[in-house]
Ligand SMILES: Cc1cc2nc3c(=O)[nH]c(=O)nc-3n(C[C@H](O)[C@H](O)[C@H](O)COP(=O)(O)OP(=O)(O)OC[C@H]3O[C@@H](n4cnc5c(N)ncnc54)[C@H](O)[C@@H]3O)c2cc1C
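A single chain comes next, written as structure tokens; it is the form predicted on its own.
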Amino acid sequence: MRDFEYLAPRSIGEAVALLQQHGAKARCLAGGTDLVLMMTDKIATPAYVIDIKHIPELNVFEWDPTGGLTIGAAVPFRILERSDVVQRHYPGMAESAGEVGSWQIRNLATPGGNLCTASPSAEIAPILWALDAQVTIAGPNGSRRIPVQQFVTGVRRTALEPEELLVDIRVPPPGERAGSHYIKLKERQKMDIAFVGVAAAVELEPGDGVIREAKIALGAVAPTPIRVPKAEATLRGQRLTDERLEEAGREAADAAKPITDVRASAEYRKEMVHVLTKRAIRQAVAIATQH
């Protein structure tokens, strides 16, 4: 690992000023579980490492029934995994958080860092896509908020400008009869990269099993996470049947654009998108029915 200068700002303004001063020579560090490995492997060689863990706004973790959930960019995955609020209102998010490495890693790694690394197989991304999350970005001209679907623009590429940093993730509150579920397909039981990630979030009409809203997102099968509008439309306004489930699974598989690599073939990934989408939808509906 090459030498670097360690900087620890205490405010968003100070962090932005450091990013303006050092530009592309600087990288932000939240948990460090991705950045340190990239630096060790010389994939990233920053001259300045800006530790953002001490900035109060980046450590906010708040739930409001009206406004939803705010997750600061430096909040570790372990908090999401164990939070009663997340487990109750966003079970798919708790599941995705629990899939990140070991519990030791989850005590350091952050959803903000996971998004900023912009790996196609990032665990947190599909469920955030399915939950219509937004992200807050701070820069020299103040802050801006964009849908999370616009944040990741390619493999290891985001909408962040060199002088900007991710402040938080905002997740809207779920409906009265809502449920979500995340499934990660990997080779080993723990601590492995996803072959496929599938997230489903649904909301049911009151009093019956009609699906008012359905959102399905896929990870590790395209350069960025993707939503599946055709599969969502198949379910919306309908009761869940085996035929509807099969159609939604096939439409999700058709939308996937996976590659073949040493871990799995493109054909295998497509078939597993079909299978896992059906499982994720069924479980999300089952959770929503309990409300």
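Note that the structure is predicted; figures quoted are calculated from it, not measured. The numbering used is simple: start at 1 and walk along the sequence shown.
Heads up, the form predicted together with the named molecule isn't pictured, but that's what we're talking about next.
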Contact segment among 209-217, 83-91, 117-125, 139-147, judged by heavy atoms lying within 4.5 Å of the named molecule in the model of the complex: 117-125
Lys184, heavy atom within 4.5 angstroms of the named molecule in the model of the complex: yes
4.5 Å heavy atom contact, Gly68 to the named molecule in the model of the complex: no
Any non-hydrogen atom of Ala130 within 4.5 angstroms of the named molecule in the model of the complex: no
Pro174: touches the named molecule in the model of the complex, heavy atom cutoff 4.5 angstroms: no
Contact at Val100, Gly113 and Leu160 by the named molecule in the model of the complex, all three, heavy atom at most 4.5 Å: yes
Contact residue in the model of the complex, from Ile169, Val196, Leu204, Leu165 (heavy atom within 4.5 Å of the named molecule): Leu165
Of Ala255, Ala264, Leu245, Leu35, the one that lies within 4.5 Å of the named molecule in the model of the complex (heavy atoms): Leu35
Residues in 44-68 close to the named molecule in the model of the complex, defined by a heavy atom within 4.5 Å, in order: Ile52, Leu58
